[in-house]
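Only one chain is shown below, in structure tokens, and it's the form predicted alone.
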């Protein structure tokens, strides 16, 4: 369906046909606010993403059409050619970041693209878009850029052309994603490992609260500062090799309890426990133990709500409701202050949980949550 829609617009705007490429949005099963603390994250690519039809056009210009926004852009490859439309800057940024790494290797192309990653729901539609174009240009022009560098191209695009100072997880998951597997990424060493995710008898579903609280960016910066304050205190207390909260255990944290504020202590406690939870979930998945996975998800929600204090009434309501309905695991996904809960639900409970969540949430907050079932799928690829 999406492919036909894209091709129709490609023919209309550019004539003929091109090659199809796609990449994925992502979920993170567990491991929030661990990335900037040198810890682990545990994402997977999902069955919602971006798709593009692309063809070299024999010029030094890019012509691109967004099917969803019904908008066109055209630009060259120099800095001063940057398009004004914010969506087009993602494509332009990918081109510029490839040139910075590989020199004057790009050729003009035509492209039409569309996506089914819900915008603003924390599933990284922008990373899916960047990864689609980075992967496609690398493949079509035989640039031999490795996968990690493709992910960094997407991340640098966000930093340098879109004004978002993001970590590497979204682009990493979008490029490296593999159906039936989640990926544990060590944010300090960049080592990664695939873990099986075949939850027979369970489904993954996101419930989007459709709220975004304004606190997010300033609160995020304050929490980062808390983590750095604790690291400095632990270092000064006789542990000079400590670089990140990843290097701190609860005994070391206890040593500095009187030397940092209660708030900083709580923030650090959450992060240290969350880094361990990622490892515990990986062990559980190797045993096909989805009940433990679910229990750890609830622990994460509690920590994010009570210790890191990045939840909100809507997300706590959805989490409490999941527990009441017997859902195996539920937690806030992403940075917090709005967005989604991610839920691991037994098949036989799924319909009753969803209908009750929609009904009770609407009654309390005056609008329905959005429901997004997701399946762990492949990341960036060429479509045959």
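All values derive from a computational prediction rather than experimental measurement. Residue numbers count along the first chain shown, from 1.
What comes next is about the form predicted in complex with a small molecule, which does not appear here.
- In summary, among the residues 316, 35, 47, 68, the only one with a non-hydrogen atom within 4.5 Å of the small molecule in the predicted bound form is 68.
- Think of it this way: in the predicted bound form, the small molecule has a heavy atom of just one of 180, 118, 108, 167 within 4.5 Å, and the residue is 118.
- Among heavy atoms of residue 148, none comes within 4.5 Å of the small molecule in the predicted bound form.
- A residue is said to contact a partner when one of its heavy atoms sits within 4.5 Å of a partner heavy atom; residue 270 fails this definition for the small molecule in the predicted bound form, lying far away.
- Remark: residue 87 counts among the residues lining the small molecule in the predicted bound form, judged by a heavy atom distance of 4.5 Å or less.
- Using a 4.5 Å cutoff between non-hydrogen atoms, residue 124 counts as a contact of the small molecule in the predicted bound form.
- Comparing 138-146, 87-95, 226-234, 204-212 against the small molecule in the predicted bound form, the single stretch with non-hydrogen atoms within 4.5 angstroms of it is 87-95.
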